[in-house]
Structures are given as C-alpha cells and as structure tokens.
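Only one chain comes next, encoded as structure tokens, the form predicted alone.
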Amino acid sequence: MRLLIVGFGFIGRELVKALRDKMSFLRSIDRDFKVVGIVDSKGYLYNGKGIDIDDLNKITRLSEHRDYKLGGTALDLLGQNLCDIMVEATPTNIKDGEPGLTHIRLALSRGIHVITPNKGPLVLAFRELMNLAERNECALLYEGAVAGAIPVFSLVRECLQGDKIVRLSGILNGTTNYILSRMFFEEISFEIALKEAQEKGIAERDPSYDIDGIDAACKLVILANALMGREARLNDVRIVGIRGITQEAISLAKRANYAIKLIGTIDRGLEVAPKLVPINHPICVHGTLNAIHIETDLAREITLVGYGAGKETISAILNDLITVLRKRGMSKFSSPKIV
C-alpha cells in the first residue's frame, strides 16, 4: 500500500522517524508498503516507487530535498489517486476544519483510507466523514486525535464490542494537568505554574486553547460522537477553564484529600470544568498524563492512563496504520457499533 503524509510539522517529522525505524515490521505485514508522498504547506515530495526515508533525516525542512515541488498541494496527489492511505496531520483548526477537512473529504470520496490526529475535521463533521468512509468502503481512523497514546477507540472497537458506554469522564489536556499538578505539589500560583509550563514548551505562548478548556471540549465531542452515538457539537459543551483556580482553593482541596482537576464528562450532557477528585481515584493522575474513565453496562469501570500529546501520539497513528494494513482486502471499515 502507498502512504501519503500530509503535514510535515512536529507530528509529520516524528512519524517519518518512526516509519524508518519500523519499516521492516510494516513490510512484514505488507511487503509492498511504501511512503510515496509527503506534503507541507508550500509543496510536496512525490515518488511513485517510494521515497527514501533515510534521506529525510539529513534535512531540516522538506523544501531542502532535491525532489521537492514548490507550489504543489495534497489535492494534486489525492486527485490523481496516487496513494492508498493518507495520514492527515495538518494543524488543528476548530473554526472551519481547514485544510484538513477538505483533504479528508477528497481522500474518502476516492476510497483512500484516512488516519488523522487532527481534531478540527472530526469536531465539525464527524458523522458526515464516517458516512463518507462507509459509502466508499474505506477506513477513517483517529486514535491520535484524543489522549495521544491512550488507545480508547481501539479498546472500544476491539474489546468492548458488546458493552454500552453509559458515562465517560477524564483528564483530556496535559497542559492544564501539568499546571494544576505544579500548584498541588509545589504550592505555587496559577500564574507562576503557567509561566513555567510555557518555558518548558508544555504550554503555548497563547495558552487560551488549553487553559480555557477548549481543547478538552473538542476531545469530549469526538468521544461522545464516536463512542456513544451522540450528535454533539462544540457549542453543546458547557466549558469552564482553570484561570480562576487559586492556590488557596488547591490547598483547601489538598487538606481534604482531594485534587482539583480539569475534568471532561459525558453523561446526560457534556461538560468540561474544574472538579474535586479524590486523590486515590484512578483518574487523579499528575504531570502531563491524561486519564479516561469509562463506565459500561457489563465491564462496569475501566480507566486508561497515558501521555496525551506530543511524540506519544505517533504510537496511536502507527497503530491505526497497522490496523489498515492488516485489514487490507476487507470490504468495510466502520466506527464501533453503539449497542
């Protein structure tokens, strides 16, 4: 199978490194597997016989490659059916989902399997995209879009096929969890913890997307729609961020054996808000860890803990890729059945 990588930022570059290291394993599953194209915001590389991945580790920008085509776009390659699988890893845009939404729509309409960690298209058009994938008998997999390396969608799809999820909650943003953890353990203010997170590269220069709860809300929408059959939109989520959390509130909670965490909850409604969590509860994790607590009718309660962003996301993307390679030839890919 022929892979096209769209987006050559941090995730795209780390994926190329992982593909280099795992190529022998991938070809043990599909001996014809190869990377035929890589696209950035200004052009692309394409080689129908396969791009030499080792060459990419000798350059810092895609445009430095001798075969780089300035001005070319992902749509050029997708429109000519020059790949079988696309990893769409352009930056998340929750306003209109672009350019990822257009890339994914075109790929699925042509029967090209799609793997994406890009939350924007999934938040804005989840049901449309899943229906498009089903009509064209191809996969749309998105394990890396929520909670990084935590395999929540794979778990439900493969291991909880007979269970009905009745409630879901968890810590879905590593930046806010880091800030609240530093406030809990070091007894520092929100402002100091945020500044520290920015200096370490854990928080962006403009941290609003994280600390105001928007990132966690986006992930909650995807979880609700994918795992619980909802038709949720971002404006359906009640969102309260962590700007108002004081050191005094953290200390009071700590003395009562609680921690304050930004928790996303899917119950009758959807909510992201600071909550008091018992310090011995399985989702009371610290640092940049994420945790997802699933309550079902049969398995009862399952908690998954892991790193929710950054390099660990590559694990989820690679797992989705392997899933597609192993299911090659199957007539249908779909979301987990909601029972």
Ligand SMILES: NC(=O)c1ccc[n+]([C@@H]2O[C@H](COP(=O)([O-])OP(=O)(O)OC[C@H]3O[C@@H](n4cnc5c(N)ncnc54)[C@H](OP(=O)(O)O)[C@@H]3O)[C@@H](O)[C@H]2O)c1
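Bear in mind the structure is a predicted one, so any value in this text is a computation, not a measurement. Don't overthink the numbering: it's just position in the shown sequence, from 1.
The same protein also exists as the form predicted in complex with the named molecule; that form is not shown, yet it is the one meant from here on.
Should residue 11 be counted as a contact of the named molecule in the predicted complex, where contact means heavy atoms within 4.5 Å?
-> It does: once the named molecule is placed as it appears in the predicted complex, residue 11 has a heavy atom within 4.5 Å of it.
Spell out, yes or no, whether the shortest heavy atom distance between residue 79 and the named molecule in the predicted complex is within 4.5 Å.
-> Judged by the heavy-atom cut-off of 4.5 Å, residue 79 is well away from the named molecule in the predicted complex.
According to a 4.5 angstroms non-hydrogen atom cut-off, is residue 283 in contact with the named molecule in the predicted complex?
-> Contact check for residue 283: no, nothing within 4.5 Å of the named molecule in the predicted complex.
Is there a heavy atom of residue 111 lying 4.5 Å or less from a heavy atom of the named molecule in the predicted complex?
-> Flag for residue 111 set to no.
Would 42, 117 and 309 all count as contacting the named molecule in the predicted complex, using a 4.5 Å heavy atom cut-off?
-> Per the other structure, all of 42, 117 and 309 touch the named molecule.
Name the stretch: of 222 to 230, 245 to 253, 90 to 98, 262 to 270, exactly one has residues whose heavy atoms fall within 4.5 Å of the named molecule in the predicted complex.
-> Heavy atoms within 4.5 Å of the named molecule in the predicted complex occur in 90 to 98.
In the predicted complex, which residues of 14 to 32 put a heavy atom within 4.5 Å of the named molecule?
-> Heavy-atom contacts within 4.5 Å come from no residue here.
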